Every structure is written in C-alpha cells, then in structure tokens.
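Before any questions on how it binds or moves, here is one chain, the form predicted on its own, in structure tokens.
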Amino acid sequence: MTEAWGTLKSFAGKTFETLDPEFTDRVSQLIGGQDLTACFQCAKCSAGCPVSDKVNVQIHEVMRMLVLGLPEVLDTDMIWLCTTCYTCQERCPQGIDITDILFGLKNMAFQRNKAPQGYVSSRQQLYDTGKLYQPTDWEREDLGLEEVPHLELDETKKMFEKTGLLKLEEDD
C-alpha cells in the first residue's frame, strides 16, 4: 500500500502513457453511466472545495483526468483527502455526481493497493478491537474518565465479513 496521500504530486513534467477510454467507462458506471464529458471545466467544484488548499490535484483536474481516461487519477491525493461534504456535487452546473465518483475512485484505488497506510492499519485496528483508537488507561485516568465499557466484537466482525471489507484487494 502507498505510504502517502497520493503519489501524483504535480502535473509538471508528467507524461501520461495511456489514455484509457475503458477506464472512463468503468468510472462512469460507478455513477449509473453518467456522462463525464458533460464536465466543461468551469472549476466551480474546486472553488467550493474545503480541502482545495490541501491537495496537489484539484477536483476539476480529477474530472479532466477521468474524461481523458487517465488511471493515474487513482494516484492523486484528492480521492483520499476529500471530506465528502458534497459541496462540489451541489455546485456542479452539469449535475455530475462528483462526490459519488470520489467514493468509487477510492474503492478502485484501494482494490489496486493504492491506499495510504493509515487506511490499511485503521481497517485492521477496527476489525481487531472495534475501535480506531485505543486510549491507554492512564490517558483516561488523567482525564477523569471511567473505564471503557466492554465492546462486543462479534457484531463488528460480522459486518466486516458481510461487507467483505477485509477482502478489498484486487480480484476479490
């Protein structure tokens, strides 16, 4: 799995080897076959994005990469740093389901082992303990908090098994 939040840091000097129209079709199918070419790069999505100053590739650039069929879009940090606030989707004058596309791209990236290490370890931590963070006894004691109640893990593990969350690697 990728260690950082996306390996594509800049378009400067980047040469894209493949334009893959089938990739565009696969992404389009994630949102019910919506026409991605409807995006005319107005950038209203990027202008309203709360993480636009934190990412290397803006959301309107992600949309352009999709239209051009560039699988390198899965290497961008935008798909992992998106807050899923739906602002981009609400601002899109073409009605493109941008946030839903990002959910799909995140799944595609994960299936290709292109996920930040934190996601992988968080998934395992959640499966093993039912929690994303395990405070120490002394941390809780310092804060004057009672012991954490016992958490039944069977239901959490059933959810993981039912959704296949631990089997999201490619070809699963």
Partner chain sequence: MKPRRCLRRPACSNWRRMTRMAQEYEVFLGCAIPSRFNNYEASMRVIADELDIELLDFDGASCCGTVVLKSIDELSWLSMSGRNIALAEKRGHDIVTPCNGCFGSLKDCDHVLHDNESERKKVNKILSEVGLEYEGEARIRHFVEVLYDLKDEIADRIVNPLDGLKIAFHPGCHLIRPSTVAGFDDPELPRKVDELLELTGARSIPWNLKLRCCGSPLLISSEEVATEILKEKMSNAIESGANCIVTNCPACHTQFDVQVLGLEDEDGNSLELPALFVTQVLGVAMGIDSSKLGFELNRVQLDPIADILGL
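Numbering follows the first chain given and starts at 1. The structure presented is a predicted model; accordingly, all values stated were derived computationally and were not measured. Think of the rigid core as the biggest set of C-alphas that the two forms share within 1.5 Å after superposition.
Missing here is the form predicted in complex with the partner chain; even so, the following discussion is about that form.
At the 4.5 Å threshold, heavy atoms of V73 stay clear of the partner chain in the predicted bound form, well away from it.
Among residues of the shown chain, G69 is not one whose heavy atoms approach the partner chain to within 4.5 Å in the predicted bound form. Interface membership of K158, defined by any non-hydrogen atom within 4.5 Å of the partner chain in the predicted bound form, is confirmed. The partner chain in the predicted bound form is approached by T87, whose closest heavy atom lies within 4.5 angstroms of it.
Heavy atoms closer than or equal to 4.5 Å to the partner chain in the predicted bound form belong, across 33 to 60, to the residues P50, V51, D53, K54, ordered by sequence position.
Taking 2 Å as the criterion, D53 does not count as shifted between this form and the one not shown: its C-alpha moves by less than this amount when the rigid core is aligned. Core-superposed comparison between this form and the one not shown: the Cα of P149 travels 2 Å or more. L19 is not among the residues whose C-alpha shifts by 2 Å or more between this form and the one not shown once the rigid core is aligned; its shift stays under 2 Å.
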